[in-house]
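Before any questions on how it binds or moves, here is one chain, the form predicted alone, in structure tokens.
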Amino acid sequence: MTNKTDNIYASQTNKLAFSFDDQVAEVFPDMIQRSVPGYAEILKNTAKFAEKFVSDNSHCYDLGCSLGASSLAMSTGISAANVKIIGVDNSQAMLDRCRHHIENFKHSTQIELHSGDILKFPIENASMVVLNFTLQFIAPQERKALLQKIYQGMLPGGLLLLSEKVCFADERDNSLMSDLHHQYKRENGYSELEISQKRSLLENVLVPDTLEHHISRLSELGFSRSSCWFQQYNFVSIFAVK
């Protein structure tokens, strides 16, 4: 398999909503690199967080693992013994390509992939859990229950790494960050048609929270501390420690 250039929305589309189908899976590495500011930096630091927080005889979870980039990043940083990384996704198209990526990447930590709903998938003995731009695709009313289940399945001192697109309480800030994000896409070669169509298709699929809401919810669930360690425009990454 080779990664292709994302030109899905270069011409008029008849799609009604964005989905992680075969077409998206085929171009996903190009799509996310050109669409998500700071994505490479987040992956690089995922390995550094794994080095500091993953403990012996524990599990790591990559929930909404897509093509396995976060799983492989964790593997790069893990020095603890007898650790298993568990990747979960509900898109078979993503998982098929994920298996290929993982098989062709040298990694010392066992990576186990599962097709499933992360809302129902059991979390246990976890020293690190990654939600890399995944929670934003979960229905807002189901997010707290998912995070609570993750918290309950984590070991004391375990780490949740949560990366998300966020919105802002002030609509002027929303507009500013949206404009800067669209400029980022233009600089990466996307046309106005591509930007407009993808934005419309994501409108009711990707529903962001504010950064403040994320931090408050993590505190309510019992995490001992949480903080935003990375932000570029309306894309953030948060660490939370049980």
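Everything numeric here is computed off the predicted structure, so don't read it as measured data. All residue numbers refer to positions in the sequence shown, first residue = 1.
The discussion below concerns the form predicted in complex with a small molecule, not included here.
In the predicted bound form, the small molecule sits beyond 4.5 Å of every heavy atom of Y233. With a 4.5 Å cutoff on heavy atoms, I32 counts as touching the small molecule in the predicted bound form. For V83, no non-hydrogen atom is located within 4.5 Å of the small molecule in the predicted bound form, even though that partner is not displayed. The small molecule is not drawn, but in the predicted bound form it has a heavy atom within 4.5 Å of I138. For the three marked residues, F28, M94 and I118, a heavy atom of each sits within 4.5 Å of the small molecule in the predicted bound form.
The stretch among 105 to 113, 151 to 159, 166 to 174, 69 to 77 whose residues place heavy atoms within 4.5 Å of the small molecule in the predicted bound form is 69 to 77. Exactly one listed residue, out of Y184, Y39, F49, Y190, brings a non-hydrogen atom to within 4.5 Å of the small molecule in the predicted bound form: Y39.
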